[in-house]
Each structure stands twice: as structure tokens, then as C-alpha cells.
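The chain below stands alone and is given as C-alpha cells, in the form predicted on its own.
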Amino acid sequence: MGTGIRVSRLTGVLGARADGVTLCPDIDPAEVSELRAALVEHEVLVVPGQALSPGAQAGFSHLLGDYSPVPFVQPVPEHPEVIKVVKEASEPEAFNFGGVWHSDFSFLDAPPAFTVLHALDVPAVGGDTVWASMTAACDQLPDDVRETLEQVTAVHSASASYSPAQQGLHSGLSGMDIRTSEAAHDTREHPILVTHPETGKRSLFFNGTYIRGLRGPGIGDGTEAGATQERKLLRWLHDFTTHVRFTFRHRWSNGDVVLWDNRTTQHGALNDYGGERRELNRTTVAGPTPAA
């Protein structure tokens, strides 16, 4: 028998909506399996009309996998797996958390597989989130670029977002406790071209915020020519992977839960709601080390 979940595509590239399900820690395992299958297929899954407490959101996330640690951002009191993403109406000039293209914490040895974001109080207009499919981008790589990228690894670091030089930026958000650290300068290398462990599909593991360098033949090799090639390829990759043809844009409503696959997407939240309040709760699900 079917579960009653109805999944409908939202664009021709990525994104789907799931109706007929109530998310909770004791949801039927068959529904969890169907949601997970839809999530890895469509990369972003919108589940409207939900009402999850922080504890219930963490409990539901456990059904998708283990908790993925969150560096630098302090959690909700008494809920160590939940962070609050909030910008107050009184902070119109403040930076909005997640407001640049990124894949959540790609600088970790094993970045999150999934993110679960629950809208609690969002503006009537503004504050949309946009995702880009790195699977679709990979499928359309020119052959010569693909051949180059097969030999390239990316150097990931949190330095552009969470080094002490950025503390003033984050301190503009009174509802979040973000503590920068010198540890943000630590680096980890991951392949640029990866294989999804569940679907077997190839995708680009790229985002312009946490990738601070590239390493490969003639690229990032310490020479002036290598540095030039590195800069050109980083710029090209950013422009290519965030092109509108690979994207899905979601307009939030209170009660929406959006799940996405960090292994195959990057995303960014728009900061176009000055003078209005925006609050969401976020949990992350552990994933494996990216593999070529």
C-alpha cells in the first residue's frame, strides 16, 4: 500500500513539493523512505504546513541520519542540535545568515548530507532562498573543463565567514550567537567532481564561499601561472554553477519545512526584507566524506 505522500516537481531541474505527510519523530518508516527517495532525486524538498518544536525537528532529522555537528554557531538553549536563523525587524542593515552562495559547512571532513529548515516567522514578501543543482551543472560541463576537474581538488576553509575578522558582521544579529575563531583558517581538501553515495550520480562539489583554492596540474601549484589559472577557474566555476538555468527559488510561508541535499546543491538566502522579522530553525544530518 502507498503512504499517501504526493510528490510534485516544482521546476524542470530541481525541487519538489511533498503533500499528505506530517513530519514528526515517530513518522512511519515507509514515509521516511519515500521522503528520502524524493529528496535525493529532486535535491530540494518542500513540505508545507508543519508545526515542529525544536525537539521534534531534531527527532525527525535523526530518522534521516546522525546529527552533524555545527561549528561556530551556538544552538538553541536546551536543544543542542538546533540553531536558530533569525534576523530582527530592528536590524534592517544587518547581514543575513546564509546570504551568500554556499553548501553547508563544506569545510568539514565530513560535511552534512542534509539540512532541514523550518520557517517559524517569515516576511510576507522577501527572504526567499535559492538553490542551484550541482548535478545539473555537472551534466552540462564542457568536455575540456570536465577533464581538467577530474584532476582537481578544492581547498575548503571557513575563513571567509567565521574568522575573527568577521565577528563584527555576525554581531549585528542580536538573535544569533555566532562565535568566530582562528580555527576557521583550518583547511580541508575535497574532490571537485564527486559521486553521490545513494544515487550514483556525478555532481560538482563546489561553492564560492568555503572553497578558497584549487589544487591540480598547473593550478594552485605555487607559480604565478598556476595562481592565474586558479583564479580564472574559481571565477568560472562560480559563474557557471550559479547560473539561473540550474536554480530553484522558494518563497517561504510560515510552517514550511524545506529539506535539501548539501552533496548536490549550493544555496543562498536573499536579504531583501529590511524592517521585517525572519526566523527559522535549522538542523543538519551527517554525511560521508565526499568521494570522487
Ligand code: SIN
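Numbering starts at 1 and runs along the sequence shown. Note that the coordinates shown come from a computational prediction; the quantities given were computed from them, not determined experimentally.
One more form of this protein, predicted together with the named molecule, exists but is not displayed; see below.
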{"property": "Touches the named molecule in the predicted bound form: R188 (any heavy atom, 4.5 Å)", "result": "no"}
{"property": "Exercise: A269 in contact with the named molecule in the predicted bound form, heavy atom 4.5 Å", "result": "yes"}
{"property": "Contact of F97 with the named molecule in the predicted bound form (heavy atom, 4.5 Å)", "result": "yes"}
{"property": "Distance check, T129 to the named molecule in the predicted bound form, heavy atom within 4.5 Å", "result": "yes"}
{"property": "Single option in L149, I211, A137, L117 placed near the named molecule in the predicted bound form, where near means a heavy atom within 4.5 Å", "result": "L117"}
{"property": "Every residue of D104, W260 and R282 near the named molecule in the predicted bound form, heavy atom within 4.5 Å", "result": "yes"}
{"property": "Location of the named molecule contact in the predicted bound form, chosen stretch of 57-65, 261-269, 42-50, 233-241 [non-hydrogen atom, 4.5 Å]", "result": "261-269"}
{"property": "Interface residues of 58-91 toward the named molecule, as seen in the predicted bound form [heavy atoms, 4.5 Å]", "result": "V85"}
